[in-house]
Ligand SMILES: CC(C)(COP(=O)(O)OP(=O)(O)OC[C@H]1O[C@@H](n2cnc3c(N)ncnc32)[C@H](O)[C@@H]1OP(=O)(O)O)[C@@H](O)C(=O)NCCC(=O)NCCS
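Shown below, as structure tokens, is a lone chain in the form predicted alone; questions about how it binds or moves come after it.
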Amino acid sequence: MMVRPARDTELEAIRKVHLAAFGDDERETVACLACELQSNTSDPRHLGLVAEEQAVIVGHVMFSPVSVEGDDRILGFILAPLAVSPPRQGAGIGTLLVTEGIRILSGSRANIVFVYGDPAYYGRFGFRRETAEGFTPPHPLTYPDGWLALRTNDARPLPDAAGISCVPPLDRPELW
């Protein structure tokens, strides 16, 4: 198993992983989102990682930049989406992708990583509701308990409250 940066030339393989991993009600939306994010040319650049086994992509995760209102010195990211091929789910591939992404971002100048997901799953990595409190997501949340964050760098203090904005592919109310 190898975790490495995703390449823009791998969009079809990334799309297939997301199509397979998600249910009928969201598979197309998430697969398109993953490809749009992987192709996005934001500055700072996103971090896309794939898990590869025997030259086959079996997992993918995106960390996209977010802006924190009022302080352009704070560098944040949002983890979304994460997918693992169904036959390989439960083998620790999602954990490898998330921990490698956090490791890379922690070694950069990133201050905080957000995620909108299952607190039981993402809590294992240190994501907490308390850390996300005061940071207003770009759109109202369907599941407010899923708004979590993780500090990756304590060098710069974070504001008590601020809005965040995200890259255009994530800036769609139906995703929140």
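Keep in mind that this is a model prediction, so the values were computed, not measured. In this text, residue numbers run from 1 along the sequence as written.
Although not depicted, the form predicted together with the ligand is the subject of the following passage.
Colleague: When the ligand is placed as it is in the predicted complex, which of 112-120, 65-73, 42-50, 133-141 ends up with heavy atoms within 4.5 Å of it?
Modeller: Looking at the other structure, the answer is 112-120.
Colleague: For the spot marked by F22, G92 and R124, is every residue within 4.5 Å of the ligand in the predicted complex through some heavy atom?
Modeller: Spot residues vs the ligand: full contact, yes.
Colleague: Do L82 and the ligand come within 4.5 Å of each other in the predicted complex, heavy atoms counted?
Modeller: So L82 counts as contacting the ligand.
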